[in-house]
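The chain that follows stands alone, in the form predicted alone, written as structure tokens.
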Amino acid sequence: MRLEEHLADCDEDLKELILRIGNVCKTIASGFASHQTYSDTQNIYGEQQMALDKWADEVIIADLKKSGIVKYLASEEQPEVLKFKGTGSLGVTLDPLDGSSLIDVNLAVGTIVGIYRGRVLAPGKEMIGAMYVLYGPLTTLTYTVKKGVHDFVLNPDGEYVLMKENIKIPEGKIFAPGALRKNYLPGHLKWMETLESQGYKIRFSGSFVADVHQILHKGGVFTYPGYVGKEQGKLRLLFEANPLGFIVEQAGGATSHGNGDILEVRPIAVSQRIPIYIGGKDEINLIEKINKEGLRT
């Protein structure tokens, strides 16, 4: 089944948005070889931008601006929320190229999108859909519109065709931990040691979207916690944590900032960061239990 057929029961504007982003991502997938240098600019987080980051951002924004269906767009590469003219009502959050520092060593990277009906500075639970495109040995598109989580693969004819429908995160003993162990906070370190004692193996690539895709299919948990010096974490609430957290929860998993569901958090800034645990419910329940016990001692 083709992606367009799978989206037949969606609202027309939501269907068009997902198809448009999927098509633009085909262009991005073909542009890696010619956009691998670093630019002379920084994003809003003070990070040097790759030419490919900027190019992917520009290509997606230009397409969504002319679509007429998007009202608000927040991108990791832009300092503020963009507002487009027209009658469209959709709000979009965009990480145009998550994991782009890995491109020069040929590891998987991806595009992450959150979809709202209206403004994007809203809790993740208010999303009406989310999706990501992963550029690896295969180009795959994973989406949810609150009717299950579904995987598509880009075939040789340039069409996204169904690969796996109604994905449910399985039990698994994989964990993908970010940050340096020496900087872990006590509760997080206890959680890590507990998982290690249960036989969990580390699988961490440095690409959030690629690591979450693995967890989605093989089980386990990804984390980039708050740590000494960055107690608010590293990953971005709007562009990374919310869309992928939404997808994982729709697949029967869970997400947390260590003391509650990330999707319940109301953003106060485009650039807001947050500690993240994302994956199986057992692993998420464990970190929250450990942290709650720590507060009582």
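The structure displayed is predicted, hence computed values, not measured ones. The first residue of the shown sequence is 1; numbering continues from there.
What comes next is about the form predicted together with 6-O-phosphono-beta-D-fructofuranose, which does not appear here.
Only one of 140-148, 94-102, 183-191, 163-171 places residue heavy atoms within 4.5 angstroms of 6-O-phosphono-beta-D-fructofuranose in the predicted bound form, namely 94-102.
Taking the partner from the other structure, 6-O-phosphono-beta-D-fructofuranose in the predicted bound form has a heavy atom within 4.5 Å of a heavy atom of Ser207. Contact check for Tyr224: a non-hydrogen atom falls within 4.5 Å of 6-O-phosphono-beta-D-fructofuranose in the predicted bound form. Under a 4.5 angstroms non-hydrogen atom cutoff, 6-O-phosphono-beta-D-fructofuranose in the predicted bound form has Leu235 among its neighbouring residues. Among residues of the shown chain, Glu240 is one whose heavy atoms approach 6-O-phosphono-beta-D-fructofuranose to within 4.5 Å in the predicted bound form.
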